[in-house]
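In the block that follows, a single chain appears as structure tokens, in the form predicted alone.
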Amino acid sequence: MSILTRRQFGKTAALSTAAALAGVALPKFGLAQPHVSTLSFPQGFLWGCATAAYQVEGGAAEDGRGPSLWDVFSHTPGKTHLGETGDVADDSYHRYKEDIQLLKALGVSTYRMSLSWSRIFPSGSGAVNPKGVDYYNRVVDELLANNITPYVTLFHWDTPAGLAGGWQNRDTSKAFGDYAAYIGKHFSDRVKHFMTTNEFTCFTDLGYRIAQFAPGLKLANGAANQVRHHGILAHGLGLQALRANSPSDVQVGLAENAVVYVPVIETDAHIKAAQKATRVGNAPFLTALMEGKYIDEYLQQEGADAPKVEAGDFKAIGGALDFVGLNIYTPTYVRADDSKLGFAVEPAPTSYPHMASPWLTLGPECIYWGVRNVVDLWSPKGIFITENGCSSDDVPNDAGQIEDVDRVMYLRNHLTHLHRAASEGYPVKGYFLWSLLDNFEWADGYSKRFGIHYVDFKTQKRTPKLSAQWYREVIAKNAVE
């Protein structure tokens, strides 16, 4: 497509005016029938949406569900925006059929959902709550009846409050393994794709190091590092339990928000620096899983505060994955330098653009580098983008429509760069947009909207946004234009 700059356009306009006065015809510069570039994804590419139990379900005290640490945290004054909680959220506990019809209308083939651990095991271990199991059976069956494949996350931060000590206690990791075994036995006849955990740093560091998330603690460095270890141990034990209690056709991975390091310039030196940064910067979590150990750089950095590891831990933690799920939103830019590590992080200037959430800085190339760095380092069997999306200041117009052109911009740019990864042969299998619905956004309460469907939290009415219309077109064409 021919593209005119502002200066060229002004010049052309002036010439057109002069030519009209002189009765002279000018060429049309090929603009009458512009060519639209179509970026097609591989055949069989999976398109979906994602949600999390505590953010959408509500029904917090219904049908035997036990409290989670997020129930306790959100009901503690001063912990969330305006003291808002997930007690009702999107009321998907009662409206799941309506929400599945929203998925069907989009044309998605997959849906990433999480289970509320305390809805199934109200105290985190011990007695099972049959009503909780029945609920998820109904959801899974409804999805399958509508030709939507469930991708199930076992844990999306809602730790049962009944587990003494939470993630400070190694027994919580063992309880998670038992929970995973139960899920494998009772759901793997219909659910063929599981993710053990979601975003280690958010339920470890943010909850136990800086107190931003539940349970709101500020532990010393050594104790906080041990929490990290218990988190990845839970993944490992959950992985083993799912494998032991599911048919051979079940695939198991995780959803991780690994820090995405992007080279400031695409030269060999900076590309290698970004790869080094990916390995070192994700050492406590993804690197430990993929390499089955804590790397020397991490152990040297933490010294006496390094996690205590028991025999057999890394046999579980480093178990082979069927896929790696990456939750990708923002970039961290790095450059090569002559330091011992070989890279330096570039601080963002104060003018750097972001979406409605201040942390959500723009840099759509991050989705390409997130995939490339992980694959080049560790060669996983497959990659899913298990979350990608953005917050927007969504306000209905006079006609009740939500014209979220900024979200469309964000998604279009990210999918363009994801297409680059797929076209270069990286094993990207699918994409889950975050999120299907506006929902309870953790400490931000209901002040930040990430959904492609607007939710009126007073009436629970769902309204498709412009971004939902756009995403439906992407899915129908399996392409971005």
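We number the residues from 1 along the sequence you see. All of these numbers come straight from a predicted model, not from anything done at the bench.
Separately, the form predicted in complex with 4-nitrophenyl beta-D-glucopyranoside (PNW) exists; it is not shown, and the next lines address it.
- Remark: all three candidate residues (327, 359 and 387) come within 4.5 Å of 4-nitrophenyl beta-D-glucopyranoside (PNW) in the predicted complex, counting heavy atoms only.
- In short, of 367-375, 298-306, 75-83, 151-159 it is 151-159 that has heavy atoms within 4.5 Å of 4-nitrophenyl beta-D-glucopyranoside (PNW) in the predicted complex.
- Contact annotation: of the candidates 199, 205, 99, 394, the single residue with a non-hydrogen atom within 4.5 angstroms of 4-nitrophenyl beta-D-glucopyranoside (PNW) in the predicted complex is 199.
- Note on the partner interface in the predicted complex: the residue among 454, 47, 434, 41 having a heavy atom within 4.5 angstroms of 4-nitrophenyl beta-D-glucopyranoside (PNW) is 434.
- The closest heavy atom approach of residue 257 to 4-nitrophenyl beta-D-glucopyranoside (PNW) in the predicted complex falls within 4.5 Å.
- When 4-nitrophenyl beta-D-glucopyranoside (PNW) is considered in the predicted complex, residue 450 lines it closely, a heavy atom lying within 4.5 Å.
- With contact defined as any non-hydrogen atom lying within 4.5 angstroms of 4-nitrophenyl beta-D-glucopyranoside (PNW) in the predicted complex, the contacting residues in 437-473 are 441, 442, 450, given in sequence order.
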